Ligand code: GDD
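What follows is a single chain, given as structure tokens, in the form predicted on its own.
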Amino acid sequence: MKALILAGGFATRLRPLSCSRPKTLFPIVNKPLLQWIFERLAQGGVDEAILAVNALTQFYIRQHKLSKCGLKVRFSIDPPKMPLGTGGPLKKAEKLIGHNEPFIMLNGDIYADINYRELVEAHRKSGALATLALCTVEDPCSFGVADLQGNVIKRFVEKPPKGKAPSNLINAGAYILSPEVFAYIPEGRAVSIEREVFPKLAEEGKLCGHCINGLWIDIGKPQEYLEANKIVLDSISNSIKRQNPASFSLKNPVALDEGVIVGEKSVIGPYAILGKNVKVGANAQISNSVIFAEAQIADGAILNGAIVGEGAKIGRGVKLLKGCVVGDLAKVKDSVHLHEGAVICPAKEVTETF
């Protein structure tokens, strides 16, 4: 079975971190999101993954050299300066996907614990042209919403106005599609599959839904990205191997990648995730934060609710409060205090408190 992964977005809401990596390569508990996706697809019986990307995203993914988990991985490249939406990349990849059997399509920016074998079986039994994975949320108005009766979606509404959603069941960003769906997608232009294709299939009685119960997390904004890491860390914390350090303190749950060095009397956690080769000085405190690989945190720094980009340097006595985001290779000089929600662009040097 084949899977098409949509990974060509620009993740503008995750800037400045997305200035130097696509969203699908953001680490979730020190593992790129795309790696999590590959693992689940392989477990679900998929043998080929097609990545619908722009040229820059293709470059970043190739540079990361992810484990393919036994999958054959190919790329379908969006035309330059012509974003194709969600349906356009599907139409462009038609020849790669073929018309032999149903296939999986999924958003490459969602962390979802989906049983793909179960989803495929639900699609085969339904006889529909498309079967959507659905999950329940409190506020559905930022998503595509399904009016589900039995297993048939009678109406599909993309991002309905407040109070107008037909249910709390939303599109989880993963579908099983039969090849006949290609006939519903115009060629050579941007197409929204959620606004142009799914509502039409619902009208024709050819759209079904299958509810999932596992973890489902959208990482569209920095706070959602932090929350995603916390939820996943909670779910896997029992499987993480830890040392019992003599010189510093760990407050679980925490995740320390290879090569992490922590100085004396520092306190790491709870909910601290430190990437590969991160260096932390003495008497530092890091909690509710994600620190990307190769970052350096100096003596006495306090980080609570922050995201620190790859290779960034945080000086002595620095304080980063809730919602602070420091871009890759940025430098925050000694004794600077950044207030809640402060954002530092990549490679910028910060010398004053703000």
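Residue indices: 1-based, along the sequence shown. Predicted, not measured: the structure shown is a model, and the values here were computed from it.
Note that the form predicted in complex with the ligand isn't included here; everything after this is about it.
Under a 4.5 angstroms non-hydrogen atom cutoff, the ligand in the predicted bound form lacks residue 124 among its neighbouring residues. Within this chain, residue 7 lines the site of the ligand in the predicted bound form, having a heavy atom no more than 4.5 Å away. Among residues of the shown chain, residue 216 is one whose heavy atoms approach the ligand to within 4.5 Å in the predicted bound form. The ligand is not shown here, but in the predicted bound form it comes within 4.5 Å of a heavy atom of residue 171. Picking from 205 to 213, 136 to 144, 277 to 285, 263 to 271 the stretch near the ligand in the predicted bound form, with a 4.5 Å limit on heavy atoms, gives 136 to 144. Not one of 27, 58 and 74 comes within 4.5 Å of the ligand in the predicted bound form, counting any heavy atom.
The single contact residue among 85, 102, 253, 222, judged by any heavy atom lying within 4.5 Å of the ligand in the predicted bound form, is 85. For the partner-free chain shown, 144, 156, 158, 159 of 144 to 159 come within 4.5 angstroms of the ligand in the predicted bound form, judged by any non-hydrogen atom.
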